[in-house]
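Okay, here we've got a single chain as structure tokens, the form predicted on its own, with questions on binding and movement later.
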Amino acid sequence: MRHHFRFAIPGLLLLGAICFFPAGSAHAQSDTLAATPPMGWNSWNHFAGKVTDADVRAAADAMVSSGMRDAGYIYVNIDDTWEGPRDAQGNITTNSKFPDMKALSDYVHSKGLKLGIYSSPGPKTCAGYPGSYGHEQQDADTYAKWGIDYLKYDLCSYGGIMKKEAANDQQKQWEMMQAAYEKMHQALLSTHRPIVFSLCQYGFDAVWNWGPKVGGNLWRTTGDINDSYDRMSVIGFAQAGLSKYAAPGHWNDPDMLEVGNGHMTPDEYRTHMSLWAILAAPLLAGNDLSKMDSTTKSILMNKDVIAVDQDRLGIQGDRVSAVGPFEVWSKPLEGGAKAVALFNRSEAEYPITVDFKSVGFDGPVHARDLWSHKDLGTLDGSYTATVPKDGVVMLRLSK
């Protein structure tokens, strides 16, 4: 169950759950850091506040043994509830669930993986553990000493500080929020360790406009996801129009993956994975990696779909058309190819047609179905597929 928090911003009441995300790098670093959307795992969706050192080690082990690491999943990210009290010098410590963070980091690195951690610009995290307020440089230095590679920085209790100090001046509150993220960005830079910086502040103040300026490698564009088709689809399809703000080193983040957590159908999880790939979104699995069935593995490790997400052009896809509940989305790929997804948001299977001219092709195209792993040969003009309820057909088209 998520820890819920509530704070008011003039004209806006926020009600949500703990946000968890990695944060971390500099504007100067970002040309190479997170050059493609980060891929990995985050502890929150499945383990929430119960996550332990042993759980994180098991996740790292499973990422290797399952083939996820080789498929591109690299970051092992600890969300909230790892924090202990500060020592006499003000340095952050870990609690009993994480007896030795440096040893854990060494273990994760020995697997060819990277370790992520979580904090807040406020005095408390969403779950009420110590945040980084007033200790930004100390915490950044500690993370670097531990060997941390990714920081998710969650607004949480800083919202109360914004409200207290800026009263009814919403613009001033937004300025304070940006300054808080910039402060940690500068602290991370000063460590000289490349740390991916993930802004978790729910899309406030159109974060896509200013996220890169405060060093964000990724920024949450929405409130929290949960393991339901309704919530996932509301978040995912609402990303239409944000493509121009994404680029290598700087990504829109519609929150973590719920694939494998058990409350959606396989077709709905394939929609989830396809949409996030078209969106060039971070792919951060949120399930128990030690207990994946073959269907979950086939969705999370579909190399054709992952290749769409990780395409080196770094162009986020966008909606091409929407007719009632039937949507066509497209994403440009290297070499002039396009990924095209036909989404059926209705209550029954239905034939959906993509006109090739609408996605930039004039003349015959070669097509491959990325979920059936079948080459469809050379097609001309258009293609029609019967798409299941809440499902998707995803294609790679090339001249």
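As the structure is a prediction and not an experimental result, all values here were calculated from the model. Position 1 is the first residue in the sequence shown; the rest follow in order.
Separately, the form predicted together with a small molecule exists; it is not shown, and the next lines address it.
Heavy atoms of every residue among D80, D154 and C200 are located within 4.5 Å of the small molecule in the predicted complex. The partner is absent here, but in the predicted complex a heavy atom of C126, alone among L218, L284, I195, C126, sits within 4.5 Å of the small molecule.
A single residue from the set M256, M162, V259, I117 has any heavy atom within 4.5 angstroms of the small molecule in the predicted complex; that residue is M256. Shown alone here, D311 lies farther than 4.5 Å from the small molecule in the predicted complex, counting heavy atoms only. Among residues of the shown chain, E268 is not one whose heavy atoms approach the small molecule to within 4.5 Å in the predicted complex. The shortest heavy atom separation between W41 and the small molecule in the predicted complex exceeds 4.5 Å. In the predicted complex, none of the heavy atoms of D139 sits within 4.5 Å of a heavy atom of the small molecule. Residues with any non-hydrogen atom within 4.5 angstroms of the small molecule in the predicted complex fall in just one of 141-149, 98-106, 179-187, 126-134: 126-134.
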